[in-house]
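We begin with a single chain expressed as C-alpha cells, specifically the form predicted alone.
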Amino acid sequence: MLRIITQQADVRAELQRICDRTHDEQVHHKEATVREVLQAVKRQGDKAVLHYTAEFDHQTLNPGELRVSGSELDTAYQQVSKDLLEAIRLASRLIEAFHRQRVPKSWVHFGDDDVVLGKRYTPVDRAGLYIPGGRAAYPSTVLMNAIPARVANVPRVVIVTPPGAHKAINPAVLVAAQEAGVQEIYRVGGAQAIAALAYGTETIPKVNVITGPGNIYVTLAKKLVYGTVGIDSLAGPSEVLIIADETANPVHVAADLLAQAEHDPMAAAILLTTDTSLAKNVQVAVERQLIDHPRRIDTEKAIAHYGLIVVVESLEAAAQFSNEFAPEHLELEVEDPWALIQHIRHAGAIFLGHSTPEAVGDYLAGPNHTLPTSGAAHYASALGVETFLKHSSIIQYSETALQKVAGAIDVLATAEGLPSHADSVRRRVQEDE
C-alpha cells in the first residue's frame, strides 16, 4: 500500500530516508563485495570477469564469448520487428538533434599586447557505456549514452551489458547499438563490468569515461573507480517526484508512479499534492494498476519501501520539499507548470503539464534520460555531449604582456614561498631588458 502522510513534521524525515536508500547498512555490506570484485578484476583480468559472471549472472562463458560476434549483430536485425526498428531510428534522430545543439565550441580571444586566451575542447580517447539488463532490456539507454559519445567524436566507444538466458543479448539492444554507431559490445554486467572498463582486461579495453545507469552494485562500482576513470554521475536506483494539484488525473499520476517503481525494488515514487482527494484516489489507482502488473513483485517492493504520498499546504511548499530532495525526474502535473517551475532549483529532468509523462523523456523527446539520483541533482546534471569532452585552457603572452604583469606575479609567488615561480618570470624579463 502506498502510504499517505499529512503531518508536515514527518515529511522531511521520510524524504531523507528515501534519498539515503543507497547508504544504509545493507549497502555498506554490498560495497565490501564490490571492492572485492574490483580488486579481483584488476589483478586477474578476464579470469575474474568470467568467474563473477558465472557467480552473479549464472552464465558460464569462455574468453572468446565475451565480445558479441559480428554474426550476432547481423542476426539481431532479423529478430526485431519493423515497428521497433522504426521507433529506434526515430528516437535516434530526435536524440541526436537535441545533443548536436549542445556541443561546446572551442574559442580563442586575442587581447591587448598580443595576449591570447582560449579554451579547446577535445573528446576522450575511449568511452565505456554500461547498459543495464537482467530484469529488462534497455535499447533506449543505448541510444541515450552512445549518441552523445558519437556526437562528441569519441574515437572508440564500447558497450558492456549483462548476458541473458543462454548467454544472449537482447536483439533490440544490439540493433540500437549499431544504429548509434557502436559495434564493440561485451556480454558482461555488474561490478565486474565496471572494473573491466576501469582497469582493462585481456579482452575488454580500459576506457577514460564510464557512463550509464545500473543497479546498486554498478552504482557503487562507479563510485569506487572514479578517479581512475571519469564517470557521468551516480545514476540509480531510479526515482520520480510528482507535484500535482486538483487538476491532475489520479489514474495518470498512479501510472507515472508505477512507471518508476517497476524499474527496481529500490526505485522511489513520490507524490506531493495539495489535494487530499487526489491523494486518496491515486492510492486506490495504484493498487488497481498493480493487480495484473507483469512486474508486480519488484514494483510492490519499491512502492512499499520507497513509495510515498504527501499532502502539502501549497504548491510552493511542494517545490521546497522537491528542492531538498532534488529528484532525478520531476513531473509538474499542475494547472500552471510554468509558474511553478520558477520555484524549482534542483532536478535532473523536469516534465511540465498533464500531457508530458516521464516516459516521453525516457524514450525519444531528445534530452538525456541518464540523470543524477539520490540527491545528486543538487550538483550534477544529465549525461550529455560534454560528458565525453574535456577542455584545455589556451594561454599565450607576448614579451610586452609578460613585462607588464611580471611584478604582480613576483609579489604573489614570493607571498606563497615559491621562489622559482617568481624566478621563471624574472629571468625572462631581465633578458628582454
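We call the rigid core whatever largest set of C-alpha positions still superposes within 1.5 Å between the two forms. The model shown is predicted, which means the values in this text are computed figures rather than measured ones. In case it trips you up, residue 1 is the first one in the sequence shown, and so on.
One more form of this protein should be noted, the form predicted together with another copy of the chain, which is absent from this view; the next part is about it.
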Note which of Val124, Met266, Leu308, Ala198 lies within 4.5 Å of another copy of the chain in the predicted complex, where distance is taken over heavy atoms; exactly one does.
Val124
Quick one: of Arg93, Arg150, Lys280, Lys223, which gets a non-hydrogen atom within 4.5 angstroms of another copy of the chain in the predicted complex?
Lys223
Select, from the options 76-84, 189-197, 159-167, 270-278, the stretch whose residues sit within 4.5 angstroms of another copy of the chain in the predicted complex by heavy atom distance.
76-84
Ala48 versus another copy of the chain, in the predicted complex: is there a non-hydrogen atom within 4.5 Å?
no
Gln59, heavy atom within 4.5 angstroms of another copy of the chain in the predicted complex
no
Taking any heavy atom pair closer than or equal to 4.5 Å as contact, tell me whether Asp362 reaches another copy of the chain in the predicted complex.
yes
Evaluate Pro205 for contact with another copy of the chain in the predicted complex, applying a 4.5 angstroms cut-off between non-hydrogen atoms, and reply yes or no.
no
Note that another copy of the chain is not shown here; using its position in the predicted complex, name the residues of 154-193 with a heavy atom within 4.5 Å of it, in sequence order.
Pro155
Once you overlay the rigid core, does the Cα of Gln403 travel 2 Å or further between the shown form and the other one?
no
Honestly, after the rigid core fit, is Ser392 moving at least 2 Å at Cα between the shown form and the other one?
no
Core superposition between the shown form and the other one, C-alpha change of Ser381 at least 2 Å
no
